[in-house]
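Have a look below at one chain only, the form predicted on its own, in structure tokens format.
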Amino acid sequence: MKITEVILYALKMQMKSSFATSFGVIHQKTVIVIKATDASGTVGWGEGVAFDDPSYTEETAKTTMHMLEDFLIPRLLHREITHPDEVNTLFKPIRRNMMAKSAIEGAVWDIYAQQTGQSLAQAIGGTREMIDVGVSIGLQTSHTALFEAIENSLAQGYKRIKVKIKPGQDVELIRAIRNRFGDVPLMADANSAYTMEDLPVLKKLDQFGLLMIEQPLAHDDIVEHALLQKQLSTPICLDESITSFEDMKRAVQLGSCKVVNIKIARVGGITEAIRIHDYAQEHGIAVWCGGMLEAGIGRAHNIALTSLANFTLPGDTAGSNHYWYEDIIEPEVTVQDGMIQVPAIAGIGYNVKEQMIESQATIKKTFC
């Protein structure tokens, strides 16, 4: 395989409803689309999923474009590779910038899957034909609005509800959900909003039988999460803290968590995500696939990843129409009875709406 052309697009996609976390509120999202073509003419698609501001990680949509243009695409273009794993090695000298690396690596995996006559899921070793999915619900303006969002999600068959919490919107919020919805599978995502000084509050959450509390402490912490996990019966799930295979090893060694949320973009691509998945499986750590408010291409990559054996918990890969008025793929991702069918056709399994991307792109750059 030799990549001979890469086209970068950036477009703004308006969300159907605002998504609020402890970081802030998102109304629209910049979506970066990568179209890579190899010497045989095979086209692969990737997606850059970083937000516009450096709240979740240090990366942004603009830094993704910068890294792709000035460092990653030049390093990959016209280089012979035999397997997508080599992209991970090729990018090693470039520090971090995981989301930028993941964006172009995803396109290479798509090309590889097509050229080997496999679905992306099959190409990475996935075995599931259907995956369980949950839904992530942002902070709401009232309990009434939150209850309505949960009711709508349950009516659509989602198998797990994730709600955002932050100081002042935590114990009573979870209590209200339990009082209204009983033992519905429920988890809380703190997005690093707490410190060890909040231990009394976090311990109160033990009474509610949550599946997990996601990333309660600092985004780059593993040590204090280990101390916290010893104090809680509720499993801690690490998200932002796990940016590499090495982070995963340290977390296991310290006992920092019982669950890990694997996001392809956060760890630098599918190759690294598989390594983390395999290590977690070997050490009895459950994993699930998180979301970055992806459009259809990134969503397709998530579906493929979730077909791996140790993704035993429902992920955040909701249907396209949960977030977008119109997605950039067809058919759009749909959820039936809380499950998504894993595509069986070669590549990512969806057709990219190239005409829509061309017409809505605010930036288009070609490299050859």
Ligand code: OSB
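Note that residue numbering begins at 1 and tracks the sequence as displayed. In this text, all values refer to a predicted model and were calculated from it rather than measured experimentally.
In what follows, reference is made to the form predicted together with the named molecule, a form of this protein that is not presented.
Exercise. Would residue 311 sit within 4.5 Å of the named molecule in the predicted bound form, counting heavy atoms only?
Worked result: It does not: once the named molecule is placed as it appears in the predicted bound form, residue 311 has no heavy atom within 4.5 Å of it.
Problem set entry | Partner proximity in the predicted bound form: residue 162 to the named molecule, non-hydrogen atom cutoff 4.5 Å | Looking in the predicted bound form, residue contacts with the named molecule include residue 162, since a heavy atom lies within 4.5 Å.
Exercise. How about residue 234: is it within 4.5 Å of the named molecule in the predicted bound form, going by heavy atoms?
Worked result: Contact with the named molecule, no.
Exercise. Residue 292 near the named molecule in the predicted bound form, any heavy atom under 4.5 Å?
Worked result: Residue 292 belongs to the contact set for the named molecule.
For this session: Report the stretch among 103 to 111, 270 to 278, 162 to 170, 147 to 155 that approaches the named molecule in the predicted bound form to within 4.5 Å, counting heavy atoms only.
Result: That would be 162 to 170.
For this session: Identify whether the named molecule in the predicted bound form is within 4.5 Å of every residue in the set 47, 119 and 350, based on non-hydrogen atoms.
Result: Not one of the three qualifies.
Exercise. Which pick from 85, 239, 247, 132 sits with a heavy atom within 4.5 Å of the named molecule in the predicted bound form?
Worked result: That would be 239.
Problem set entry | in the predicted bound form, residues of 214 to 230 near the named molecule [heavy atom within 4.5 Å] | Stretch hits: a single one, 214.
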